[in-house]
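A lone chain, given as C-alpha cells: the form predicted on its own.
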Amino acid sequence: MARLVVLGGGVSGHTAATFAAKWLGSAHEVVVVTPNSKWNWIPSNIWVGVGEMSKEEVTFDLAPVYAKAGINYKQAKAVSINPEGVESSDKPFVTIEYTLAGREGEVENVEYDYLINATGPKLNFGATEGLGDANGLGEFTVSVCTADHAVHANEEFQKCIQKMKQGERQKFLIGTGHGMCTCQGAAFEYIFNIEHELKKAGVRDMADIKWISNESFLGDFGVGGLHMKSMGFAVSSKIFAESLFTERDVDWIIGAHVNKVEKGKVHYELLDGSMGEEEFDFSMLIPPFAGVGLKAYGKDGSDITDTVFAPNGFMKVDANYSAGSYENWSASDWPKTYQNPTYSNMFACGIAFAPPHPISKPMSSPNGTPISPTPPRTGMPSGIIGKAVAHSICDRILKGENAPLHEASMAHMGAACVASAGKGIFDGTAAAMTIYPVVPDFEKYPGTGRDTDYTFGEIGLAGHWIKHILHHLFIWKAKLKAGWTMIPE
C-alpha cells in the first residue's frame, strides 16, 4: 500500500486529494493535512463581505466529506519535511502539529511515499506596517481573504451605511496593501460590490470610493493585462477597466506601494518615487502572499530549506528559475509537471509552487522599491494543476515509477474568470472573461502574446447569473455529490 500525503485542503489540495482517492481506491491511502475544519469557496467571500451571503453558504465541514471519500483527514498544520528520512530510517515524513480541538499542539510524524504541497499562502499582513502582523489582520482595515474576515468586513461596512443614512459622508479605499501583492481580482470584485450595495441602500451619493493598487495600469490583474474580443472589437483590459471605473464614478491610484497603515489613513509610494497619503473611513486591502514557512531537513538533520523552497517560501518545481531579466523571459520558463527537481516524489500545486518570475513586467520606483503584481495561481488554474499532479502520482503508484508525468503548464492553459461587479437577480453584473494562454507566449502569438480568438470578455447581467451558478456548482463538486467528476475545474 502506498501513502500519498496532501498538505492543504483548499481548491488545489482538495481537488488533488479527492481525485487521487477516487483513482487509487482502498488499496492505497490518501492523507490530507490541513489546519482548517471547513472548506471555503473563497471567490464568494466578496458577497459575504457585503452581506449578500452568509459564512455558512460559502463553507462546509471537511470531516464528513473526507470520510465519505475514504481520505484520512488530519486537522493539523505542516511544520517541516524530511524528504530523506532520518539516519535510522530512509522513509520520508512530514512533521505536523494538530489544530483539532482537544489535540492542539500535539506533534506527529506522518510518513509518505508521495507528497503534494498545496498549503496555499501565508497572508503576510505583517509585510506592511499597520496592516497587521504575524498573527494576522490589523485593527485599521478589513479583509475578504477568509470567510471570517469577510463576516467582519460586512459588519464594518454596515456601520458605514448607517452613518451615511444619518448624513455622515464616508470614504472607501479598496485595493492592494503592498507593492508586491497579487489577487487584484478579488479587490476588483469587492470594490464594485461595495458600490452596488451602496446604490441599493440609497446612499451612493454620500460615498467617495477609491481604488489603490500596485498595478502600473488599470486592468493589469497580475497577468500583464490582456487584449480581448468584446462586442466584435479587440479591446485592451486597460480600456475595459477604465471605462468601468469611470462609469461607476470610482477614482483610482495605481502603481502604489502601501507602506504604512494608520487609523483612517494609508501612506504610499508611487512608481515615480513620490509619496502620498489617502484617508479612509472603510478600507479593504489585500495583503501580499508568502510561503507558509515550512522547513526541510536532510537525513543528518541539516537544514535544507533553501534546496526545497525558493526564498519566498514557495516550493521549487520544474520551472526555469534562472531566466534573469524581463527581456529573457519565455513561456517555456513555466513549470509543466510541478515535480520538485531534487526529490522526485514531491510535487507542489496551486499557490504553493514557486513561479519562475512574475507575468506582469516588473517595475520599481527610483527609490528601488519594487511595485508590480506577483503572478496569480488561484481559481481555475489551481484546480487544473491539482488534478494533473494527482493524475501523475496515481499513475506512478498504479503503473510504476517510470510512468510519464501529466502536464498542466500555465503557458499552455486557458482560464475563465467571472468577476462580480454587483449581486442581484435582475440588477447584478459581472465581467465574464476567458484568457488563453494564462502566461503570454509572444513567440507563438506575436504582439499580444495570446490567442484573441479565445481571449474575450463581456460585462452584464448574464455574467452575474454565470457567477452565481458556478458558486453552487463548485460547492456541489467539492462536497463530492453525484456527478462531481463531470464538473470541470
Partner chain sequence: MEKKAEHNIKAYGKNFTTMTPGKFAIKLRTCKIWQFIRFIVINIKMLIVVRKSH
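Residue numbers count along the first chain shown, from 1. The shown structure was predicted, so the numbers you read here are calculated from the model rather than taken from an experiment.
The same protein also has a form predicted together with the partner chain, omitted here; what follows describes it.
Just one of 58, 421, 439, 433 comes within 4.5 Å of the partner chain in the predicted complex, counting any heavy atom, and that one is 433. Proximity to the partner chain in the predicted complex, defined as a heavy atom within 4.5 Å, holds among 414, 362, 126, 293 only for 414.
Of the heavy atoms in residue 41, none are within 4.5 Å of the partner chain in the predicted complex. For residue 323, no non-hydrogen atom is located within 4.5 Å of the partner chain in the predicted complex, even though that partner is not displayed. When the partner chain is considered in the predicted complex, residue 488 lines it closely, a heavy atom lying within 4.5 Å. Within this chain, residue 64 is remote from the site of the partner chain in the predicted complex, having no heavy atom within 4.5 Å.
The chain is drawn here without the partner chain; in the predicted complex, the stretch among 303 to 311, 71 to 79, 352 to 360, 243 to 251 whose residues come within 4.5 Å of it by any heavy atom is 243 to 251. Along 192 to 223, these residues reach a heavy atom to within 4.5 Å of the partner chain in the predicted complex: 199, 204, 205.
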